[in-house]
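Take a look at this single chain in structure tokens; it is the form predicted alone.
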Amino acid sequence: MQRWNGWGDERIEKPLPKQAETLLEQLVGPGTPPVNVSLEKMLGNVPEANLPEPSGNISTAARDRFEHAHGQSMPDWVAMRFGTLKRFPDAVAYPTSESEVEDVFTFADKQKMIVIPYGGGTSVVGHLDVPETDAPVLSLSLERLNGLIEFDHHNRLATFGAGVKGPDLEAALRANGYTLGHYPQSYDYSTLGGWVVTRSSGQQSLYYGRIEEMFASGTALTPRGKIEFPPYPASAAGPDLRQILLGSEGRMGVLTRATVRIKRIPEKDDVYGVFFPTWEAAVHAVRELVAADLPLSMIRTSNPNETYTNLFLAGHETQIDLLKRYLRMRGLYDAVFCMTLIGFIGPSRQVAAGKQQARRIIRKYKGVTVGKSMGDAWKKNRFLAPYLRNTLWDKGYAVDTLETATTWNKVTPTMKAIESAIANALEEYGETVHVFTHLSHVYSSGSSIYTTYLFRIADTPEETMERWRKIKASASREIVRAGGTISHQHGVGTDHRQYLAAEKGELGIDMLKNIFSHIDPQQRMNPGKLIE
């Protein structure tokens, strides 16, 4: 059973070690546990539906409408925990086929309804916000369009309903000896359709690619009719219309099915831990590793703040002392340490040769390999990290993330500018923000920059939101100033909308507006997301 006011399965807890709680008190001050509103009270805030009683697979139940009124962004969390969520869809549709989606569109058109497509509800940038409007709002859930439709071994393609979640998709493919290999942090709950329309990136994208490389074709239902995207391996027949659907965030319609390019399950898929003595050494090593064209699935490099924070949050204080002793034995006396996880993937002989070449590069930059146990632990727990958000909130701390991507020459100055902006954002309140960063998706020309920050929850939802807005705005301005993308993998939604023009330009924004207006003349598909 999913938590109604937090992340994940309510049966899963991720406790905070006592030494980690002490560290947080030293870093940002003691937290004051907030009083969370009850589910009963929250459901009492759901008003009567603004439409006649629907029939079929459309619900106006208060619980359904509440669950489809939010995602997992910081504004969503504040609203859920303090009980200040004010806007709800008037109904939730649960179609089980494309023809039923068409029926929902007919119903919505007749009632002049706003339609918000809903996948797994994991958006962290406001994709699911219900707009302020007098028109009735319909949440269109894809959760029942979740099966394997066709497995094409000959062409290495698989077609699924767009509502299929990560674990179910992988189970269906692995039963046939294949994998998609797309593992975003939200893997357990996010959906294939959501990955496509937000241009998602998985943790092992260095080998498997981003979702735009995996997405071969699909079917989208729009207010103007159906669009079919053929699964050509390549085409020079004008602009690729798939690229307009990718990242469209529900503004064009609803993706009902998607065909993806799949790969054989690799013979080897191992992750190793490495520690570098400085951030500069780590970045140089990572850049060289990527340029060497090795059989790598991922490289994830934490800066010193994240290295120590993660080890403490995991309760590894003893291991930290042992690690320091071991690294001193290896000659790293004054190191600040940057933890790096390196994934090797592919046929055994290629992996063995790749590891040998990687060791030479690692040694060149005084890196120390600590074996596969650290990588095994990461693989085992990699989708559990968001559960700490529940634990920390209940202790009085809010946690959020933001990300960008830029070229290698800008990576370090951009990271430092973002961290500085966040760390100083709440000075006027006398509050401290703890901030740390890692590089999680690397490319030959640059890298993503993924930053996490933690601050104290205020006494009121208004002040908590004001603190978050200060942090978010300060960091976003630095990203734009540094020339980074406003989003590498989370999408735009409402949180990043005001910064999109800096990346697309005025003409680019006008092009998007014209496309969306053409496909949705009444502007009823997820209005307010991506662009005004």
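All values reported here derive from a predicted model rather than from experimental measurement. Each residue number is its position in the shown sequence, starting from 1.
Same protein, other form: the form predicted together with a small molecule, not shown, and the subject of what follows.
>> Only one of Ile422, Leu142, Ile449, Val286 gets a heavy atom within 4.5 Å of the small molecule in the model of the complex. Which one?
In response: Comparing distances to the small molecule in the model of the complex, the residue within 4.5 Å is Leu142.
> Pick from Ala162, Val260, Ile299, Val435: which residue has any heavy atom within 4.5 angstroms of the small molecule in the model of the complex?
Replying inline: After the contact test, the surviving option is Ala162.
> So in the model of the complex, does Ile116 come within 4.5 Å of the small molecule, heavy atom to heavy atom?
Replying inline: Output for Ile116 is yes: heavy atoms within 4.5 Å of the small molecule.
> Within a 4.5 Å heavy atom cut-off, is Asn303 in contact with the small molecule in the model of the complex?
Replying inline: Contact with the small molecule, no.
>> With the partner left out here, check for me: in the model of the complex, does some heavy atom of Pro184 sit within 4.5 Å of the small molecule?
In response: Output for Pro184 is yes: heavy atoms within 4.5 Å of the small molecule.
> Any of the heavy atoms of Gly83 lying within 4.5 Å of the small molecule in the model of the complex?
Replying inline: Output for Gly83 is no: heavy atoms all beyond 4.5 Å of the small molecule.
>> I need the one stretch from 99-107, 198-206, 232-240, 268-276 whose residues put non-hydrogen atoms within 4.5 angstroms of the small molecule in the model of the complex.
In response: One stretch meets the cut-off, namely 198-206.
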